[in-house]
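This document opens with one chain alone, in structure tokens, the form predicted on its own.
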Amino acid sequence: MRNVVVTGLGLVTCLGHDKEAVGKRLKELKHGCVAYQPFEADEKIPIHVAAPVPGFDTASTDPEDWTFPDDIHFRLEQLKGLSPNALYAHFALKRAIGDAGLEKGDLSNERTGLYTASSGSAAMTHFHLDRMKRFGPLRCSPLGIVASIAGTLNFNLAAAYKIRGSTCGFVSACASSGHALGFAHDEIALNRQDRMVVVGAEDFTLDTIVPFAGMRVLSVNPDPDTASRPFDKNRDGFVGTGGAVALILEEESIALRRGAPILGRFAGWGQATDGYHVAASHPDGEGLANAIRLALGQAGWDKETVDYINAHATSTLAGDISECRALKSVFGSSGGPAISSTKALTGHALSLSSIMEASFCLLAMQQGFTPGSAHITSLDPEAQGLNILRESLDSAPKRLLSNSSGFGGVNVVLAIEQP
């Protein structure tokens, strides 16, 4: 098996788009949640808080109305083929390519591939289907499908960067970008590719967030400072967010030959399924525990050598408890690695969440800290005994795990270590 390292990182998140600034906010536990005015404009919407992406306004279904940073320019034809999450993805990937120091030829060749994760664009799908029903298909945009379905990231980014290696879009709910990273790791480790671009992106629109209110899994707390509080016994659901993250994965010796910055070594991963419920996690976290054990096995790590776990913990009752039980079944009921959920600061980014949290782990290793779990005033009894960090540490983890779980009981765990 070949070694896989991460050499580039690009962010478009509610905490900002600059690595240093985002790392600083993670360390200082400064969240990106706000009282979101569009929720207040509709009395049928019971939620109040969201974590929008600064610098972008994609509320309109007409891309010509969008506003975004001016460091990328799009042709009108190209813009009309984008969804909001594809727009974010372009910006994140541009930053990751610059971070890794890649040239055009590094990206456009048969040994460089692209894996993406997205749930598609509900807003664009709704808009184009409504227009088709009202006016007929010949009055619809010919790029409406490209801008709507879950493969929109792959379509747009592969064409823009002339990607010629393996490509695939992953759709496994909130574990999607974890699956994309895991299978990208395998493409390099098994010598099928030398370099993989992995991008996760999710819309920030009412159509993406509000439907979860029907499941009663969104926080109705109107206070942005406490709406997202994983591991607190008084939590009442998650906060919605969007954005994009891009990571560049390379075979280690190739990255070293070109003098690339090594942000971290991707040591392995594990995936396992609960086989229990369409939406709820197994009450004892059996699938997640199995995924953790598989990740440790592929990485070749003893569990005692893990310094930190970035938990999936969304701030929902069932999900947090399931994960606490999974962690205790692997690491024991007292002590163990430091654990936090950065979703207290960002909310839950759905298919984007896994790669976003992996990128936060890389930032923490680079910048020398371990992020705490914010907004806990009364620790849930199920979390008692676990080493839940209330404050950030001034030291970076050497070995860490990043957990993700999604609908259908899918679980992905990533193992990352310092280079």
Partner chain sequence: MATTKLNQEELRESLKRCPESAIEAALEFNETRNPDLLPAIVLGIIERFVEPDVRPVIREGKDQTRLLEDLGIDSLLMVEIVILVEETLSIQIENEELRNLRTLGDIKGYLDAKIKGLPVPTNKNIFNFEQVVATMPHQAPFLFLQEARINGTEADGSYHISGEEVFLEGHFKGNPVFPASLMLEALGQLAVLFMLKTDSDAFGGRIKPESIYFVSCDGVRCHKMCKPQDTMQMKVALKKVHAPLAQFEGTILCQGARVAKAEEISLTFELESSNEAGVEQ
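These numbers were taken from a predicted model, which means no experiment stands behind them. Numbering follows the first chain given and starts at 1.
Note that the form predicted together with the partner chain isn't included here; everything after this is about it.
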{"query": "Sole residue of Asp70, Asp62, Asp394, Glu40 within 4.5 Å of the partner chain in the predicted bound form, by heavy atom", "finding": "Asp62"}
{"query": "The partner chain: the contacting residue among Thr305, Thr167, Ser141, Asn109 in the predicted bound form [heavy atom, 4.5 Å]", "finding": "Ser141"}
{"query": "Touches the partner chain in the predicted bound form: Lys162 (any heavy atom, 4.5 Å)", "finding": "yes"}
{"query": "Contact test in the predicted bound form: Asp223 vs the partner chain, heavy atoms, 4.5 Å", "finding": "no"}
{"query": "Residue contact check: Met215 to the partner chain in the predicted bound form, 4.5 Å heavy atom", "finding": "no"}
{"query": "Heavy atom of Lys80 within 4.5 Å of the partner chain in the predicted bound form", "finding": "yes"}
{"query": "In the predicted bound form, segment of 340 to 348, 72 to 80, 228 to 236, 275 to 283 with a heavy atom within 4.5 Å of the partner chain", "finding": "72 to 80"}
{"query": "Residues of 96 to 114 having any heavy atom within 4.5 Å of the partner chain in the predicted bound form, listed in sequence order", "finding": "Lys104"}
